[in-house]
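First, one chain by itself in structure tokens, the form predicted on its own.
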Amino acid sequence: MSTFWSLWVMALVVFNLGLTLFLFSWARKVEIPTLEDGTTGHVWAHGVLRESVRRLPGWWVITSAGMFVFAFVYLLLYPGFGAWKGLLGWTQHEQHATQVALNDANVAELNSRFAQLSPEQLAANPLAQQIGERLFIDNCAACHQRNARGNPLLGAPNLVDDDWTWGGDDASITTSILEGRQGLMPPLGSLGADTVTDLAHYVLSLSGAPHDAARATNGQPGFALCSACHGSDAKGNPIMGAPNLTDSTWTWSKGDLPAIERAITDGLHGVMPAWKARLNQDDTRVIIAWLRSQSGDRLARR
């Protein structure tokens, strides 16, 4: 703190405490003019209520005086009077560092205990679930929602079902969290609107969704272009992040015809940012544990 600001703070402290102490002392001695009945003459409610004058109760005076003593002792022991550091030498930076170190030690002890548990045991541990939920809310819920059910508008998948584009084992999920993922569906609008519609109907047929059978038949040969990523059986490819098209799970939409046509025509680009700057391996374990607890045995089967 510069000399100017130190003096400025000191002047404010002296002025405020001095003025308050003066008013407190003066109020004890000042005489307020009163009428013979002991009131000031101020009335309300057509004279029903009259303003009386009474001395401050003793408990209030003692409490207020104690507050002044407390203020002076505080300024003597702690920073607050300009650049004065206080007799105790306390600083918020040191206290923060101490509390951070204590928290880190507690977290390390917890992680050491969690490391002894299997994934299934960790998923059943209430404390691991609580920590994992908090980490998920702080880092993942903005896209995947608070309940981890995903957000089609953002292309953020549901994390508590049994459908995993990039793989649902612990190692794959950990890589997704720490290293991030990028999924690209190239635009194929150059194929023409009719071909795109035929392809969309064929894709719908793969999962048994309502579709035009004739158009799906027309679109089947064109799917050879799509099979390079999604596979000849259309079950997807976790290595490339190409989703399974034969189930009823859809990341970017509800699987309706217009949405599929848009995806084929305009393409899609999904980004899962890397969180390794904020999270570590221990963090991901408890996040996965919480996801397991929310998904029942679906994630546990992975």
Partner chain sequence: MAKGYKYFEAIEKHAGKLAIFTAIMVSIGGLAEITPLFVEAHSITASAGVKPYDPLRLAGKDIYVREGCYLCHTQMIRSLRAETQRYGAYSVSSESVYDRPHQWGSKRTGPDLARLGGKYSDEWQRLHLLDPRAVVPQSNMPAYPWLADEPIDSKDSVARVRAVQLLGDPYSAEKIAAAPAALEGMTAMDALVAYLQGLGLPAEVAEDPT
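The term rigid core refers to the most C-alpha atoms you can superpose between the two forms while keeping them within 1.5 Å. Computed from a predicted model, the values in this text were never measured in an experiment. Positions refer to the first chain, counted from 1.
Although it is not shown, the form predicted in complex with its partner chain is what the next lines describe.
Shown alone here, Lys85 lies farther than 4.5 Å from its partner chain in the model of the complex, counting heavy atoms only.
Though the partner is left out of this view, Leu7 does not reach within 4.5 Å of its partner chain in the model of the complex, counting heavy atoms only. Although the partner is absent here, Ile32 sits close enough that one of its heavy atoms falls within 4.5 Å of its partner chain in the model of the complex. Of the heavy atoms in Gln92, some are within 4.5 Å of its partner chain in the model of the complex. Residue heavy atoms within 4.5 Å of its partner chain in the model of the complex occur in exactly one stretch of 133-141, 162-170, 183-191, 216-224, and that stretch is 133-141. A heavy atom within 4.5 Å of its partner chain in the model of the complex is found for exactly one of Ala71, Leu154, Ala209, Leu117: Leu154. Residue Gln99 is the only one of Gln121, Ser112, Ser232, Gln99 with a heavy atom lying within 4.5 Å of its partner chain in the model of the complex. Contacts with its partner chain in the model of the complex, taken as any heavy atom within 4.5 Å, map within 1-21 to Met1, Ser2, Trp5, Trp8, Val9, Leu12, Phe15, Asn16, Leu19, Thr20. Core-superposed comparison between the shown form and the other one: the C-alpha position of Ser25 differs by no less than 2 Å. After superposing the rigid core, the Cα of Gln182 is displaced by less than 2 Å between the shown form and the other one.
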